[in-house]
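Shown here is one chain on its own, the form predicted alone, set out as structure tokens.
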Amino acid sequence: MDSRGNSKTSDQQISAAVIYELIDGFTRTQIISVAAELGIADLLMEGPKDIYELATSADAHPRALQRILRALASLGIFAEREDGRFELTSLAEPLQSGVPGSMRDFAIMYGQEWYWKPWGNLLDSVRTGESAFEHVHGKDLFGYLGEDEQAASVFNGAMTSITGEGVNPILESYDFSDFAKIVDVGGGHGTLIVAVLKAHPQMRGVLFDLPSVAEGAKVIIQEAGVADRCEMAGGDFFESVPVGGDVYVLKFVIHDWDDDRTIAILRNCRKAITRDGKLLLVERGIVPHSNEPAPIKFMDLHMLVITGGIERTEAEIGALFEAAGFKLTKVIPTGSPDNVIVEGIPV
């Protein structure tokens, strides 16, 4: 065999190794999730610890935990010292609880059976265009969370963590100072509306979500000191949204839904908004027309599997706006790689 044959064989071996790493990705998800569930990063906040101390605190089997941490250390998540003790690394720090940019709840969620099991039915979603989550669980995500408090707690924690991390880039990228009343549609526990109201003392707001979610936001709103300016309203945005706002914000909302249901939400916003108001969608990104790597393309598949929703191109969002009585005016990048603001006006 000549050198060209050897080169071809080498390339094939490299390609096979890369494909294997990609195929095996689910194992990394699980070991990171287990470490997050056990709170290993929190246990190491005060310094290195040996495996027996960690195992005792985490209620884990010492040798099995060592094998998990050894594998994570090979990825740069934690490090094993020469004396056998484990310590935090910069990659492990986001697995701590309550730190800026914490990904602990997100990591836990991705390892939960109720979340990953639908991915085993991706083929069903591809064939039908429908949510694999609903196929597996017999109800959509939000119906499931309404019946499972533990799952809802994990999910809400994960959503709050990513919302909190993106708030400052939103405030730095968009001027809310001319608005009198903000309505946060599907605003969860209020992280975004609290930040906007604290930054703009002249504003009043309405946090709107499902009744059980809005109820859970009361403590957060009160502790933030904006309860006198922030009304909490529970309801169904497919039926109506609170009226009279001059800016309606939907953060990570429309990507949960197919086109028909998205248009229904946006039409309700159109009915409620003031004549000179603004509609703001805060999205995880805009799907690009290219073959370049883009995390939003994989988030799009999460939406397909988990909610039946869609991440969209700018043209697709513009078409939804037009169908609902809005005109897309601008797309505003933020300082966060996971946030982009899409602005529309009523027509």
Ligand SMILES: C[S@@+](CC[C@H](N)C(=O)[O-])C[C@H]1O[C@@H](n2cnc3c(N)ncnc32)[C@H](O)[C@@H]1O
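In this text, all values refer to a predicted model and were calculated from it rather than measured experimentally. Numbers follow the displayed sequence, beginning with 1.
Another form exists, predicted in complex with this ligand; not displayed. Remarks below refer to it.
Engineer: Is G188 close to this ligand in the model of the complex, meaning a heavy atom pair under 4.5 Å apart or at it?
Structural biologist: Within the cut-off, so yes.
Engineer: Is there a heavy atom of F155 no more than 4.5 Å from a heavy atom of this ligand in the model of the complex?
Structural biologist: Looking in the model of the complex, residue contacts with this ligand include F155, since a heavy atom lies within 4.5 Å.
Engineer: Quick one: does Y174 come within 4.5 Å of this ligand in the model of the complex, counting heavy atoms only?
Structural biologist: Heavy-atom contact with this ligand at 4.5 Å: absent for Y174.
Engineer: Decide whether V213 counts as a contact residue for this ligand in the model of the complex under a heavy atom distance cut-off of 4.5 Å.
Structural biologist: V213: contacts this ligand in the model of the complex.
Engineer: On the criterion of a non-hydrogen atom at 4.5 angstroms or closer, are F179, R270 and D276 all touching this ligand in the model of the complex?
Structural biologist: Not a single residue of the candidate spot has a heavy atom within 4.5 Å of this ligand in the model of the complex.
Engineer: Please tell me which of I220, M159, V167, A151 lies within 4.5 Å of this ligand in the model of the complex, judged by heavy atoms.
Structural biologist: Looking at I220, M159, V167, A151 one by one, just M159 meets the 4.5 Å heavy-atom criterion.
Engineer: Among 117-125, 254-262, 131-139, 78-86, which stretch sits within 4.5 Å of this ligand in the model of the complex, heavy atoms only?
Structural biologist: Contact criterion met by 254-262 only.
Engineer: Would you mind checking 222-237 for residues with a heavy atom within 4.5 Å of this ligand in the model of the complex?
Structural biologist: G235, D236, F237, in sequence order.
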